[in-house]
Ligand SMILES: NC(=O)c1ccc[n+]([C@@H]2O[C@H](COP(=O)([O-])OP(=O)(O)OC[C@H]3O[C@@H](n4cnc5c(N)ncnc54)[C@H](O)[C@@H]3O)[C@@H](O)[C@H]2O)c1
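Given next, in structure tokens, is a single chain: the form predicted alone.
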Amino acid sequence: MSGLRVAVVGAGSWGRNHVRAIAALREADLVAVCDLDPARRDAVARQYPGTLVTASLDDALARAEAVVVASAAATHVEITEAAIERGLPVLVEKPFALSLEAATRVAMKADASGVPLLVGHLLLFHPAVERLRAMIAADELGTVYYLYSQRVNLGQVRPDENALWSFGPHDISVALFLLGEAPISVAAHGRSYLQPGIEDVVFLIMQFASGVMAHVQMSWLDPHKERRLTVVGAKRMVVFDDMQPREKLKVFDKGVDRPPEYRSYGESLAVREGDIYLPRVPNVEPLSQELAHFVMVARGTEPPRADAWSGVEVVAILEAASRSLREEGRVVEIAPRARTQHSEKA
């Protein structure tokens, strides 16, 4: 079977990684790269001389059987809709859209057209996240109490989106993936220090109907570079540290036990200190895994892991958190997801 003909729209700081990964993917052929920047086009053309490199979206789509949209966030909806109208399966980078209304419209358009539409929630394809989800599903952690993540560094300041919209889709999508539910409310605090009206640091809290609480710290104005998630369960606790080159998952066999019988209140809770162990996690690139999955979905041989309605869920949370930011941290309730509402109408 020949490789799926894939076009990449956007060859900037992240789009060029898609270009590289697709060019190396056995199941795909990089047939076109579209970018408005002449310098980027020249660089891609030199590196991939057999690929059409163009500023014309129409020319790129005409060559392709599937499309990766990795352009500026404000262009995602327009380009994705153009691909759907041509019947081309699409993988669109995060954020899926900049409003819940636009995200829902695009998801419904893809459904009506029967076109596969995936959202670039990259960490759902990280082997450590996959392993962590399997552990939760197998009840190895016990009841999950809460989780918190830190996604901070110094740099990558963006003029067109704040830290919430830039970093938030990663940790929000992972929380939903691990817990299997969407939050019922959010609250967010943030401040703009470098650019007026664009928050450099955001603290987000999500509350779930199950009782789980999730906290996310996001900043591009921090002395540390951290990519860490901690999940606290009744039986065990797990830390996923993506900055570690090898030991990305650590499982702490510790917690607080309540003996079935005790003589005094002080004996009712006992701290349990167990071993720390490191599960083996395959050393594979999440982006290559995501793109290989996209090819399978485009060919109809796999169901999507992060479909358009997953993107709608995340955008709904981002939009509610943005409202909370504007209102100094007010708790904002989130309505039942559009996925459920749409399926009930179908």
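We number the residues from 1 along the sequence you see. Everything numeric in this text was worked out from a predicted model, so none of it was measured.
A second form of this protein, the form predicted in complex with this ligand, is not displayed here; the remarks below concern that form.
- Highlighted residues V9, S71 and I79: every one comes within 4.5 Å of this ligand in the predicted complex, counting any heavy atom.
- Think of it this way: in the predicted complex, this ligand has a heavy atom of just one of E161, D253, D222, E130 within 4.5 Å, and the residue is E161.
- Checked against this ligand in the predicted complex, the residues Q156, T143, Q195, S210 give one hit for a heavy atom within 4.5 Å, which is Q156.
- Just one listed stretch, out of 314-322, 45-53, 27-35, 292-300, contacts this ligand in the predicted complex at the 4.5 Å heavy atom level, and that stretch is 27-35.
- Proximity of T230 to this ligand in the predicted complex: non-hydrogen atoms within 4.5 Å are absent; the residue sits far from the partner.
- Using a 4.5 angstroms limit between non-hydrogen atoms, T75 touches this ligand in the predicted complex.
- Among heavy atoms of K248, none comes within 4.5 Å of this ligand in the predicted complex.
- Remark: P95 counts among the residues lining this ligand in the predicted complex, judged by a heavy atom distance of 4.5 Å or less.
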